[in-house]
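One chain comes next, on its own, written as structure tokens: the form predicted alone.
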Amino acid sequence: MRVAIPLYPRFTALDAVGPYTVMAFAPDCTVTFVAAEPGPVTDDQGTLALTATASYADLPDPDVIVVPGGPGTLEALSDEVLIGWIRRAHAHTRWTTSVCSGSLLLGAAGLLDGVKATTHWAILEMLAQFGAEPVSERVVVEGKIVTAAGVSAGIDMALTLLAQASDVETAQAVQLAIEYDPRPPFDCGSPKTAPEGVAERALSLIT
């Protein structure tokens, strides 16, 4: 199974690296970072770069697309090279997926019209602009379109995808291999549980 993760300036690293780690551990799975041109692409903090080893043209028909989000998403909405690649590749995929605000790029490619989808809580309602039905869930599976909520939800999404692509036992083995046993020190990973004022501080970190 060939998995393509497109990179664009100011993507969020964990959006890409979380699913990459899950899928890269899976047997018979090859994960490739792609971009308009091969080379390093810098993340939203400006301090980390991932290297795209192939261009969009090099991988026009992947089995799976995982589109990461990040502050650079808004600029990427007008990137016709990226959006065009997502639209064309979707015709060949077994699954087309996104993490966080990457779902907006699926929407820009015209893939979410009438589809239930999720994204980061701060921009969830923006999905309606693309004809999607916003759903406040960790992972949403709608046929071959799979969307994940913010950042860390990409790991959950990738494990969900792996269970479908292979089997539950394989996904369980990968989860154990990466020791994904989250026990966060605070119950504030959702605006529903966060103490008063924390949501505002969180927004200040990502805008």
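Everything numeric in this text was worked out from a predicted model, so none of it was measured. Position 1 is the first residue in the sequence shown; the rest follow in order.
Keep in mind the form predicted in complex with another copy of the chain is missing from the figure; the text below concerns it.
Give me the residue from Ala36, Ile145, Ala165, Val151 that has a heavy atom within 4.5 Å of another copy of the chain in the model of the complex. That would be Val151.
Taking another copy of the chain as it sits in the model of the complex, is Ile206 near enough to touch it, meaning that at least one heavy atom pair lies within 4.5 angstroms? Yes - in the model of the complex, heavy atoms of Ile206 and another copy of the chain come within 4.5 Å of each other.
Val140: touches another copy of the chain in the model of the complex, heavy atom cutoff 4.5 angstroms: Result no; Val140 lies far from another copy of the chain in the model of the complex.
Check whether Met1 has any heavy atom within 4.5 Å of a heavy atom of another copy of the chain in the model of the complex, and answer yes or no. Outside the cut-off, so no.
Could you confirm whether Val174 comes within 4.5 Å of another copy of the chain in the model of the complex, counting heavy atoms only? The answer is yes: Val174 has a heavy atom within 4.5 Å of another copy of the chain.
Need the contact residues for 166 to 192: heavy atom within 4.5 Å of another copy of the chain in the model of the complex, sequence order, or none if there are none. Asp167, Val168, Glu169, Thr170, Ala171, Gln172, Ala173, Val174, Gln175, Leu176, Ala177, Ile178, Glu179, Tyr180, Asp181, Pro182, Arg183, Pro184, Pro185, Phe186, Cys188, Gly189, Ser190, Pro191 sit within 4.5 Å of the partner.
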